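For reference, the chain that follows is the form predicted on its own, supplied as structure tokens.
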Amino acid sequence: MSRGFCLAIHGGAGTIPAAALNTAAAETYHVALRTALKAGWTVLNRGGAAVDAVCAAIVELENDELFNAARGAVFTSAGQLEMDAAIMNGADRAAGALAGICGPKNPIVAARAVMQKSGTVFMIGAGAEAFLQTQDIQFMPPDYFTTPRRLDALHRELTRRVAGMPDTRSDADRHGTVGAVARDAAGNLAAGTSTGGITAKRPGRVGDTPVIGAGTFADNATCAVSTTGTGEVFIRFTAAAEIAARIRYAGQTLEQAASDVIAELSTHGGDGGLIAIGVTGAPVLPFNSSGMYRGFSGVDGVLHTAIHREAFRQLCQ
């Protein structure tokens, strides 16, 4: 996988513990990851733009309630849904981001509308939703986004807090995000990220996902990055842009920069991971959590997917 087109995705660092994930359940996640990879890969294989591939892959992840974004988003402590998303085009550094919204079926498509139609970069809440109502964006009622699994997770966490019990939540309850990065045949890069946040988060809390340079970043000169994990730490250390800076100014390779940043974040309480792709070569997908739903595919069309620290499964299309 050299300079040719390439795509990588993640379904969040909030994985079900390996010991609790049976074969059938694991296969369900692998199928979902492959579906998203195939959607983005098809765009690239037809000569499409990296930003289109990123959108196509993330839409599939947002539509699947397995992942904490759109259809499977988690609830705030007030029992509401507040979703965040961002997208960035490495060719011109155009970007669009949203925070605290609920309504658009696919927040990543909504973030792209912000990038292309709003004249701004970052929009929030009711104002963002009002703008999106003027665009060709599909809206869904709250019931569409409400799933029994997320309601149960909210109930368990609120019960724990009332009882004053220790926080024993797994990565599956703490972290959840979806994202994609791509390099197209013309060498252009793009990144996108979408999330529902953290189960029982404080209303109004915004993590790193929609913060350009923290959770999402793309620049044709260096790399494209999408992160997942402890958002507050990823924001404070501008995780995504830090990788690009180390490539640009310190001459580090993508693999070295991404791996070092993830390792350093862990020393500051930053659990999670990221996916990144550079101007050449294969993507990198480092993480310091128990796992990260992830996958990648290149010109050969082989779909590589993994969940924990096992070897990637490979499926030839």
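For clarity, every value in this text was computed on a predicted model and none was experimentally measured. Throughout, we count residues from 1 along the sequence that is shown.
Beyond what is shown, the protein has a form predicted together with a further copy of the same chain; the following relates to that form.
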item: Option from 151 to 159, 211 to 219, 178 to 186, 102 to 110 whose residues, in the model of the complex, bring a heavy atom within 4.5 Å of a further copy of the same chain; value: 211 to 219
item: 4.5 angstroms heavy atom contact with a further copy of the same chain in the model of the complex for Gln133; value: no
item: 4.5 Å heavy atom contact, Thr147 to a further copy of the same chain in the model of the complex; value: no
item: Non-hydrogen atom contact Ala190 with a further copy of the same chain in the model of the complex at 4.5 angstroms; value: no
item: Contact label in the model of the complex: Ile137 to a further copy of the same chain, heavy atom within 4.5 Å; value: no
item: a further copy of the same chain in the model of the complex - contacting residues of 228 to 243, heavy atom within 4.5 Å; value: Glu232, Ile235, Arg236, Phe237, Thr238, Ala241, Glu242
